[in-house]
Every structure is written in C-alpha cells, then in structure tokens.
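First comes one chain, alone, set out as structure tokens in the form predicted alone.
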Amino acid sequence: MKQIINVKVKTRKAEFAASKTDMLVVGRFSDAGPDETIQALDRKLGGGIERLAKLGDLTGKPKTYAILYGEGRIAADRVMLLGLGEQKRATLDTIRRAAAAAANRAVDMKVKRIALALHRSFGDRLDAAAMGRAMAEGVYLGSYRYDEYVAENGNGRLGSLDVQIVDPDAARIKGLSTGVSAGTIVGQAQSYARTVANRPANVINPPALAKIARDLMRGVKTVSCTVFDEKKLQANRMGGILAVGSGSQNRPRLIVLKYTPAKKPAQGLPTVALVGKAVTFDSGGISIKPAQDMDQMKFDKTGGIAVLVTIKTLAELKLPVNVLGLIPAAENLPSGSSYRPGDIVTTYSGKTVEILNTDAEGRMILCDAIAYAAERKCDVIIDIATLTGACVVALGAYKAGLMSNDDDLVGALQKAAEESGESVWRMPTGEEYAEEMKSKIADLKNAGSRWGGACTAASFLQQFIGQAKWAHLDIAGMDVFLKPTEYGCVGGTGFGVRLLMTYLMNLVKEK
C-alpha cells in the first residue's frame, strides 16, 4: 500500500526575501493595506504585488490567492499571496485555514518545500505559540491525501512536503517553535485518525481496530490497553455492545485505554472519561439503510478513532491529567443472529431497553461504555459519536451538536471549539426529551419520535451517566468531507482530535 504523504514542519530564523524555498507564502487581509512584510517583498519584486492589487487579482478575500515568480530577485522561486478575509474578524482558525490552503495548493503543484510567513499579517494580536500550533495543524490538514490503495504513483503526487515557518526575529521564532512542536503532534495525530477512518470495513472491523489500539499503545508506558472480547463482554453483561454486534461474524470489542501521566496531576483536576462510538460498518442491521451512500457508513467509527488518537496524543505531549478512553466497537449487519426490532436488551447498567429500530445502534454500544465510566467514578464523561441524522438536519456539515448537564463543561468545550476550529453548537436535552425515550415494557426504548432526534438520543445516553458531569458530541455531518476543501481531500476529517486535545490542554493550563 502507498504511504500517506510525509510532512515535516520546522521553524527557521531567516529574512523573508532571503528564504531559499520553492514557494514563500504570505497573507493579506481584505480590509487592510499591505503590511511591512508584503511592502518589503514588493520592493524586491519591482512592484509586482502592487500591480496585481491594482488589476484586482489580489483582493485579500478568503479562499483567494495569487502567485508571483521570484525570477532571481528574491531567494524563493515563487511567492503565494493568500487572502485572509477581514482583519477585524480574524481568529486562530483564519491562520490555520490559510496554512492548510497553502499546503493543499503546494501538494497539487508538486512543490517540495514551502516557507510560511502568514503570522506576520497578524502582528502581536495573537500569541506566537498559538499561531505556530495553528499553522502546523493547518499544514497537516491541507496536505493530507488518502491514496493508500492507489497504485504506486498512480496520482503522481510527491511523497513528502517540507515546511518552514520563517521569521527574522529570534524571540518570535522561539514562541512559534513552542506551538509548532505541539501542533505537529496534533496534526500528525489527526492525519492518522483520517487514515484509519478512511479504511474500508473489509480492513477495519472490531478485532482489527482492537489490534490497531494495541499496536499504537505498545511501548507507551503511561497507557494501559485492555480489550474486552466477546467472552469478557458476556461476563460483564454488556448487552448493548453484544446486541449490536450479534449479526456479524466479526465479533464486537470494548477497547479500554487508561492514561496515567508520569507527572502527578495538579490538585483538583478531574478524571476525564472519553467515550467514542466505533461502529466499523453500519448497514442499519435488520432496519436496513437505503443502498445509496451506504458506503459512507465505514465512517461510523470516527468517534472511537478520535478517542483512540487523543489518548496516544496525550501520552506524546505528557499532559498531567488522568484520562480513561473507552471505545465500544461493533459491526451492525443483518443476519439470522442479528438483534431484532421488538427485542429487549439488558445493558451493563442493569437498565433494559426495548429495541424499536436496529439502526439506532450507536446509543446501544455507548450506554454500556458510559455506564462503565460512571461506575469507575470518572468526574467528567464526554462521549463523541456520529449518532444521528437528525443532527445533520439541524446543523448541516458546519457544527457538531453539543448536549450537556453542566454549563461550565459546555463553556470549556465551546472555548476549545473556538481555539481548535472544530465548531460546536449547544442543543437542548432535558426531561421532556427523556420522557420520549421511556418504554411501556422496558426501562427505555432506543428510538423516539421523528422530531428532535438528536436531543432524544442524547437524553437516552444521559440516563447512564450517574453523578458525573457529562457532555455529548454528535459529530454526524462533521466526520467526512464530501468534496475537497482547503483542508484536503474527500473522506474522513478526523474531527474531534483537535477539539478534545484543546479541551484537555486548557484543563491542565488553567490549573
């Protein structure tokens, strides 16, 4: 199989015009004149940048760019001028998206080396380390291509991209470098998450995902990896996971990852549980889905992959916070042994669930894992799942749904969403929604009415959290790019890795 593109991001102290590279990338706002960096480059280039602006070819609007050639007047072979949009609306995600767009274009152009000076347009308005991290993350996002199964050199792309973030100021480079180190780890992690998400169901099934988890954590001293196979699931009476996986020859698993940092966490830090849905393929079971677009159901494992990769990233960054990662994994297929509409399933918590729709399977595997986390007295439980089509109807492919029983936790996740660029929107959950999930013949039923489906699904999960602070992230619609963007190719997005990591990093930083 072809290797995913090898990306390296570093910082270097250098004058912009003297940076020897295939392409130097600078940014320009649409509502501001050229900054000092652009003015200095323009003088070297004989006024070429200003001529482009006068012709209307350089507006600074988002998703626009122009390219000039150095022609020996500067060290770079090319200069790319990227539109950053309005300066007054600029955020960290502006610079992340710009770096992604630059890397994306570089891969398309088969450029081997680029130098980024995007941070110069922001001056001192944003922290240098934060900008360094955002640019590094953006580079990995934009350069990513999933061509693992394409015949060697079938698409002609280069195998690597070298990126330098340049600045003549040593102090600024020091600040940028701190962020680049973290951003590189997070960016690589998200690329890996995208790759595993993109792999098809004949490659990734529950046992295969469990093996990936074991292999990924091998040699990581701060993470223990335990896998519950079918016998252990039965012994623990995890009826929800067993029911969903009952129709497939690839038997279900529960992957338990315990991160215990080498450095003792600060006093008062909560123990956090991350619970990720990993339905490696979701046909809907006996309540089978339409054939159209069913191929995309390989992405129903993305919540679990986000948790897996987040735990590995925690260990690499050595964050001093205790985290339990739980990944219930099952393949939801119809067969003679499948669970059926009308069945009553006893879950790990002891609560019984009447099955009305076998395609409402995510909540069935999550409820066992959530109850397991609650039993272990985790202070905070955050679950992440491609849970409902209703959330896509409500929010489209722009934001993940956020439901919670704690306003402070919501605020922390909203802050992390803003900083990471992985957007969320709070949606309601409460007794009126929970009432819809009550069954006449069991404690609960696994499907409510057609209205408010994202909220009723969250309310179902809330019945299993015990006394913990809890948040539910419904990432349906955020798990896959259906068309190319500045963040790269179609396919898995790796959504949730940056969001969860930023939340955990902020948790530690605030203590």
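Small disclaimer: the values here were computed from a predicted structure and weren't measured. Just count from 1 along the sequence shown to find any residue number.
If you look for the form predicted together with a small molecule, you will not find it shown, but the lines that follow are about it.
*Asks:* Tell me which stretch of 262-270, 355-363, 419-427, 101-109 has a heavy atom within 4.5 angstroms of the small molecule in the predicted complex.
*Replies:* The contacting stretch is 355-363.
*Asks:* Which residue among P320, G389, P168, P334 has a heavy atom within 4.5 angstroms of the small molecule in the predicted complex?
*Replies:* The option sitting close enough to the partner is G389.
*Asks:* Is D368 close enough to the small molecule in the predicted complex to count, meaning some heavy atom within 4.5 Å?
*Replies:* D368 lies outside the contact set for the small molecule.
*Asks:* Report yes if any heavy atom of D300 sits within 4.5 Å of a heavy atom of the small molecule in the predicted complex; otherwise report no.
*Replies:* Yes, D300 is a contact residue.
*Asks:* Answer for K289 alone: is it within 4.5 Å of the small molecule in the predicted complex, judged on heavy atom distances?
*Replies:* Result yes; K289 sits at the interface with the small molecule in the predicted complex.
*Asks:* My question is simply whether V26 lines the interface with the small molecule in the predicted complex - judged by any non-hydrogen atom within 4.5 Å.
*Replies:* Output for V26 is no: heavy atoms all beyond 4.5 Å of the small molecule.
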